[in-house]
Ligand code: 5AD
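Shown below, as structure tokens, is a lone chain in the form predicted alone; questions about how it binds or moves come after it.
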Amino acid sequence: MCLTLPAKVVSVGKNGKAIISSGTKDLEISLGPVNDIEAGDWVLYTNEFLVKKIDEQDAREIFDLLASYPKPDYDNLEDKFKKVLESASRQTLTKSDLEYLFQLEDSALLQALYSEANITRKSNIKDHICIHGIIEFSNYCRNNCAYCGLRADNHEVKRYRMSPEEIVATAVQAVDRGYKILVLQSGEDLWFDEEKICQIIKDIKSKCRVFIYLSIGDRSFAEYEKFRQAGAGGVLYRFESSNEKLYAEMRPGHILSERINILKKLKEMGYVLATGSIIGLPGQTASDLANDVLLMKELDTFMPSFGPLIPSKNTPLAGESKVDFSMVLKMIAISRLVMPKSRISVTTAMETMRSTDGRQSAFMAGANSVMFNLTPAKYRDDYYIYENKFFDAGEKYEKWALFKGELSYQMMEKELNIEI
């Protein structure tokens, strides 16, 4: 579901419609499932319907969450920056333009970049913040990726596998709460073979209506075709880095071109793509980051998913430094300028770096999607990709964004242009 927007009721007519004030203008809108309102009430609404009555405190908190940077004084910005923004408005940004933006350090220019990205988001997809749930069902992994705490050679990790029945029950409970998009994620654990994955998907889909992303790594095209037939709709499948040499160093025994070919094939199969890179890998350059953004665009990525490197103990990168959070915000903002209508997610790693205001900072830089961890508590700490992993139960977001009934599915499908 998507975070709906707050407004104050101006008047309620007898024609099944109401006049509401969003703060900038008045709108006439259908009452939808809301029929107990009067002038002065606060409500949540979408483009077409009122969704729910709320109190003023909730409305103020949502307004704060969706705050924007002040519009910059363009006359006082350097000419190079203004020319790049002009290119962004025409959708003609070059790799050189992106490299320039990634190398910005001046605080005024950075704020102007974030502001422009947020304006681009609001112009293209308004303030709809998509809410996803993730179930991390196994932390076994056959790989030895240099950045990941779940790597096979990390023998200090307490390994677990949820049973298929637990996975299905957790998914169904989430949908009962109002979630409509779920990510089933694991390490590359081949114990969950084609038959098990297909059965899990079928069992979930037989019990509830939900869009399922798979995040399970490398599988054969034949398997992914079976998963699609079983009811999976999307894949969360990062390419980690567009730099072939860096990719090979981070993922020993793997080849970037194969990863990209798989992503293209999955797109051809009809999967909705969520993919992206890691920010802050050792040796990574502005040119690499620019290429990462351009690759996401080339792949027609629906949900760009990228996050900062957070060095984890018992990995080859344990001694590396965390990337500055401003680089994460640059990646969000630049991706928004390049892909104006994409759903850019605020990842757990971003929030781990800045748990107090990371989510809001990301939204203000152009992000518009957030993912809540629905893994049962007894397993959650053992999905040890990195240390001190951020967790937020997300009760407020659920209250503001998760609704039930046929109308809520129609709103989601219209907003995201996907079938659930």
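Here the structure is a predicted model, which means the values were calculated and not measured. Numbers for residues come from their place in the sequence shown, where the first is 1.
There is another form of the same protein, the form predicted in complex with the named molecule; it is not shown, and what comes next is about it.
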Just one of 309-317, 193-201, 219-227, 324-332 has heavy atoms within 4.5 Å of the named molecule in the predicted complex; which? 309-317
How about S242: is it within 4.5 Å of the named molecule in the predicted complex, going by heavy atoms? no
Heavy atom of Q185 within 4.5 Å of the named molecule in the predicted complex: yes
With the partner left out here, check for me: in the predicted complex, does some heavy atom of A349 sit within 4.5 Å of the named molecule? yes
Verify the contact flag for Y386: yes if a non-hydrogen atom of it lies within 4.5 Å of a non-hydrogen atom of the named molecule in the predicted complex, no if not. yes
May I ask you to choose, among Y147, Y114, F137, Y213, the residue with a heavy atom within 4.5 Å of the named molecule in the predicted complex? Y147
In this chain shown alone, the residue from I278, A174, L101, V235 with a heavy atom within 4.5 Å of the named molecule in the predicted complex is I278
